[in-house]
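Only one chain comes next, encoded as structure tokens, the form predicted on its own.
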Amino acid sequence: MSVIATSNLTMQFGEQRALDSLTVDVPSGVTGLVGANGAGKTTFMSLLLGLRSPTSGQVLVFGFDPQVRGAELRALIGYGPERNILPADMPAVDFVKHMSELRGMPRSEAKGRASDALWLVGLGEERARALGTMSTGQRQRVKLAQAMASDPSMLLLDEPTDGLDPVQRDEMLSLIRKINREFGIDVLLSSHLLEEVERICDHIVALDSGSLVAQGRLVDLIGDQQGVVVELAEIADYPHAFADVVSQLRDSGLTVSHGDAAPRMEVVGADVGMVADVVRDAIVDANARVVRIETRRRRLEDVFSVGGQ
């Protein structure tokens, strides 16, 4: 059963369409909701929580309509917003306790759970500190702790690594993966950084300007193929060399992706050694000159960021 399912989900703000006929199925596990800023990720999360009503279409979370069972669903979902909206003067443990009570946890239980959640995210010794005195990385951990404290079935995390340095980002991603694996909590992670999504997610939902670009298992989207990245020099005497190489490679049955900014392409095939040989022959036949050639495993960036098929 899908933990999230939508059908023709549309959200209109005046003349702006934030989501356009979105139909997705999100299974159990860690799912990356990817897209550039403004792609519709935060709007999608607000609909899952029942905080907004869709213009049209349907959304179900755990089989329930958020517009009908919103309060019940919000008790099952921990939400970590992107914006820093933490009250500066409140101690971290009091804030996490308060948020747990808002989700329906008894006051007698909330304080202990708040303390446990802060220890889990590495802030046990800092739990009495005022939120306004904490670093960006610590505040991001507090947002994760308050999402975790009420024992949710799912976490919705909106850009949880925003503002973190590389070490803090690694720690946050490892923590999110640990939460899923050790506690069995489903996670929908919103991010515009494909590399971090690729590191911890099982599934991907990719949006662009409110429309679905792709969805599915990460391994299916990337595949197990390796690519050969080729960058050619621009030679005045052979202005069509790049196009000739691309054409010959495609005629050989290989998949070639390239952008418009530079004479760079990625060539993908099942046997990287064979691919390299065919690329070499095509370059020679076209009188092209190589700047760089290397092999590497296919990445999400290649699926969503390289144009000009």
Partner chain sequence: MNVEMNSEMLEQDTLSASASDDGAEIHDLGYRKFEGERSGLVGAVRSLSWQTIRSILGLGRKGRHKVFPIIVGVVAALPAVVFLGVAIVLGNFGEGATLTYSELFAFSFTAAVLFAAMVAPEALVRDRRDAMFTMYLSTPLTRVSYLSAKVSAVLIVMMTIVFGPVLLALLGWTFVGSGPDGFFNWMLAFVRLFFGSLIISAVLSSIALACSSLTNRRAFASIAVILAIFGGIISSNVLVGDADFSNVYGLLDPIGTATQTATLVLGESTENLDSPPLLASVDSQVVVLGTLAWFAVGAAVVVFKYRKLEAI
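It should be emphasised that the depicted structure is a prediction, and the values quoted were computed from it without experimental measurement. Numbering follows the first chain given and starts at 1.
The same protein also has a form predicted in complex with the partner chain, omitted here; what follows describes it.
Residue heavy atoms within 4.5 Å of the partner chain in the predicted bound form occur in exactly one stretch of 160-168, 109-117, 212-220, 232-240, and that stretch is 109-117. The putative spot formed by Ala5, Gln58 and Leu207 is not touched by the partner chain in the predicted bound form; no residue has a non-hydrogen atom within 4.5 angstroms of it. Scanning Leu175, Leu76, Leu193, Met134 against the partner chain in the predicted bound form with a 4.5 Å heavy atom cut-off leaves one residue, Leu76. Out of the listed residues Ser46, Gln67, Gln248, Thr255, Ser46 is the one that sits within 4.5 Å of the partner chain in the predicted bound form by at least one heavy atom.
At the 4.5 Å threshold, heavy atoms of Ser153 reach the partner chain in the predicted bound form.
Mapping the unseen interface onto this chain, Ala128 falls outside it, with no heavy atom inside 4.5 Å of the partner chain in the predicted bound form. Although the partner is absent here, Arg139 is not a contact residue: none of its heavy atoms lies within 4.5 angstroms of the partner chain in the predicted bound form. At the 4.5 Å threshold, heavy atoms of Glu198 stay clear of the partner chain in the predicted bound form, well away from it. Residues of 8-42 lying near the partner chain in the predicted bound form, listed in sequence order, are Ser28, Thr42, the criterion being any heavy atom within 4.5 Å.
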